[in-house]
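Okay, so we've got a single protein chain in two different forms coming up as structure tokens, structure 1 first and structure 2 after it.
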Structure 1
Amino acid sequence: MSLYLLRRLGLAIVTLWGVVTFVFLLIHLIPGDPAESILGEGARPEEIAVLRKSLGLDLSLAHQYNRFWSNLARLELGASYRTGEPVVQSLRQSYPATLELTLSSMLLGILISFPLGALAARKVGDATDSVISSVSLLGISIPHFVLGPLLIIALAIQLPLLPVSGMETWAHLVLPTITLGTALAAVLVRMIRSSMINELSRPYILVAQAKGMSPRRVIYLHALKNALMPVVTILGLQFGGLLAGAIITETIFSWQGIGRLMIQSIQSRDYPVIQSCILGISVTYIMINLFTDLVYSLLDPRVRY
């Protein structure tokens, strides 16, 4: 088990290095000058040159790359070009908000998908299965940037039940959570249904039924446990999808998370903040996938070999 853990941890470190390096090169190669963005179009060339030197943008790309990693090794993320605040302070304010939104969306998706997926597998081929499958397909088809405004129109404007934007109270969390959680639930419902149907056709299910076990006990005690194998993998992958979806959702609902911070930083060419946001999202995604691999190995010891 320890060798398996070390191997997965090594792959996670290599993946993190690749992601951060790619993002660093990408944002530096895209046309645009942060100094011009900060000073405005009317700035004189000598003012831009002075600001570029103070920000270290006059150095070669290789030098900036080496300095970025040396600072990162000391856990220093630098300061924002736009505000001058330490990037760590900005992440400390925005990261918990994104984590709160992501975890609440995942919880909602799990609470919806597991009962509906198991019910669809039990009623395979009849009207209940058709309705659940059709609704889940509709949930997959509607993107976040469409569902979010629709929820605002329906539940915040037409029926003023919930606030449109912000994050002052728990009510502000409802609409963003529904926007992200329903899409996850739609994916999980179809995965759980398919996995459960496959498990219900196996011989050990027939043996359990022959022993006189109730259908509910057979499904939720035996079949569901073995059907979790592919679902655990999908949950780990979908967590990254939630983080990516949070970037759009946070912008729609003015949720002060890391996704909205990154969008604002991209618009102002704030390199340190962009790199740190990507780093935070990447570390979270990689750690969740590492945890998923460990859970997978516990559910099926054959994976370790």
Structure 2
Amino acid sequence: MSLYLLRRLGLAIVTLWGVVTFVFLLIHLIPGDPAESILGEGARPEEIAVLRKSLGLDLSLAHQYNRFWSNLARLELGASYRTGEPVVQSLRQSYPATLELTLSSMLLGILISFPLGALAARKVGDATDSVISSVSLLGISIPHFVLGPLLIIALAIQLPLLPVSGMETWAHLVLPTITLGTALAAVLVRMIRSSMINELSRPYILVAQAKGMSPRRVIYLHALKNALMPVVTILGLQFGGLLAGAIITETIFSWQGIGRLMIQSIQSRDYPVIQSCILGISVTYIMINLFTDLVYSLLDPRVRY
């Protein structure tokens, strides 16, 4: 247990270090001189020199790396080139919006996928099973940027039931949540199905059936509970898909979250904001996976690395 915990923590720390280093190096991926690229053509050499100095580009790479870490430790993420606003400020505004969207999508995904996955597993090989499996494969194959606009056309334009985009009221949350949530459900249904099938072939199910327990109780009381164990980890991993999907979904629905902030900043070459968004999204994902793995190891003591 403690060895597992240590290894898992170690991985999280190494990953965090890797992400921070990657984000630090990104500035050096800019083709040519970063300061020149930021100021654009027609910048005077003095201006470029000043910016180079303020970015620390005149220092050695090791020195810059040190500085990056110490700024990060003090949560000084710099200021936006575009608005001059401190990046921490913009993150604080957009982060909750992304969490709201991803969590509501996860809820919708769970609500759709758990009953359907269990049903497909119970009727494995049946027509019901193949319909559910095929529809879920269809769901996996529709990108967010196709499903989102199609939903807008159907439910906001043809049938004007819901707002097209924005985030003023609760109704604005519905379409982006359906876009992200159904895609998640499509992935989850398949995993719950195979996890359930696996669980249903175990001896204890036979015992439960042999002692005369009703099929409903066998499935929902015994099998589902055990089948859900691996799903905990999957939910954590799928959160990454949700966060990545949020980048696109927020762009489609003008949802002022961290993903939209990131894409807008990329378009205006607002590098400090982009870097902070990448950090924000990755750190969230790493922490959630660390958390789910720890919860899982508590729930199921058999888990070992």
Partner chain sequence: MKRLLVYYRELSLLARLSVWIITFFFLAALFAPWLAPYPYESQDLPHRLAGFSRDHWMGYDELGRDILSRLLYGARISLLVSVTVVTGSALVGTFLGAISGYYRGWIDELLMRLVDVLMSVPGILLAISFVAFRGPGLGNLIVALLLIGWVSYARLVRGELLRVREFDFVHAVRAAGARDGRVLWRHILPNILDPLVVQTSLGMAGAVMAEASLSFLGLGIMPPMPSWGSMLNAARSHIFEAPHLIIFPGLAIMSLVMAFNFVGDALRQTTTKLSISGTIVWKQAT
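All figures in this text were calculated on a predicted structure; none of them were measured in a lab. Sequence positions of structure 1, starting at 1, serve as the residue numbers. Rigid core here is just the name for the largest C-alpha set that superposes within 1.5 Å across the two forms.
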Identify which of the two structures, 1 or 2, is the form predicted in complex with its partner chain. 2
After fitting the core, residue 263 CA displacement of 2 Å or more between structures 1 and 2: no
Shift in Å of the C-alpha at residue 49 between structures 1 and 2 after core superposition: 5.3
